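Below you will find one chain, with nothing else, as structure tokens; this is the form predicted alone, and questions on how it binds or moves follow later.
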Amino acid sequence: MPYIVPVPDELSKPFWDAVQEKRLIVQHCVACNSLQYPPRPRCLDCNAEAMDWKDVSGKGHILTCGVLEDSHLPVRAADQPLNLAVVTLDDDPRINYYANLPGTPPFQVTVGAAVEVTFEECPDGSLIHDWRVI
């Protein structure tokens, strides 16, 4: 399956650097100890600017899912129908990721199913994170 290669900016660069090392990290607020993803300049809970990064387990569950059957993205057209799922992270259920669930046939995804992060290679050799049902 072809992947769209992300272009990190200054804020997301630590996240994508960790993905290249096959690690999953999220922002951590030094002031109130909350976690957040995607990265932002300030904490969503307390508005503090003192943010660092924390490794997380890479385990989660399917929060909701659907199947894409008519994408207008040429790079994904050959893969349709294609799973689209929202994964909630076990480390903090407020953190959600989008997933395609490679290896899981469309229409066979169950809400609540356990998943774990996986790292897939992009056409340029870089890695991108996705999720697989366990």
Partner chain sequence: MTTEDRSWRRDREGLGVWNGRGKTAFAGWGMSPIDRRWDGVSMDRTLGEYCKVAARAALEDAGLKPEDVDGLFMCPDNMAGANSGASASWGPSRPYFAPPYDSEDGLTIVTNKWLLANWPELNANKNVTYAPDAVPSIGEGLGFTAQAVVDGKCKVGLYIYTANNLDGRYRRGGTFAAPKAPGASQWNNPWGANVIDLQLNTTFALTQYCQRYGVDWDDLMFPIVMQEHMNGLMNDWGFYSTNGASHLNREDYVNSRPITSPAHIWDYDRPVNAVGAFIVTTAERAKDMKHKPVYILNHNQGSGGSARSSSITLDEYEAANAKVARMCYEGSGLQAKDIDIFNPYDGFSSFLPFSLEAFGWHGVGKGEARDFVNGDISIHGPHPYLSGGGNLGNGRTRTAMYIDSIEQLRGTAGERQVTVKAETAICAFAPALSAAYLVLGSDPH
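All values reported here derive from a predicted model rather than from experimental measurement. Numbering follows the first chain given and starts at 1.
Not pictured, yet referred to below: the form predicted in complex with the partner chain.
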item: Residue 134 within 4.5 Å of the partner chain in the predicted bound form, heavy atoms; value: no
item: Proximity of residue 52 to the partner chain in the predicted bound form, heavy atoms at 4.5 Å; value: no
item: Touches the partner chain in the predicted bound form: residue 111 (any heavy atom, 4.5 Å); value: yes
item: Touches the partner chain in the predicted bound form: residue 30 (any heavy atom, 4.5 Å); value: no
item: Residues of stretch 92-120 in contact with the partner chain in the predicted bound form (4.5 Å, non-hydrogen atom); value: 94, 95, 96, 97, 98, 99, 100, 107, 111
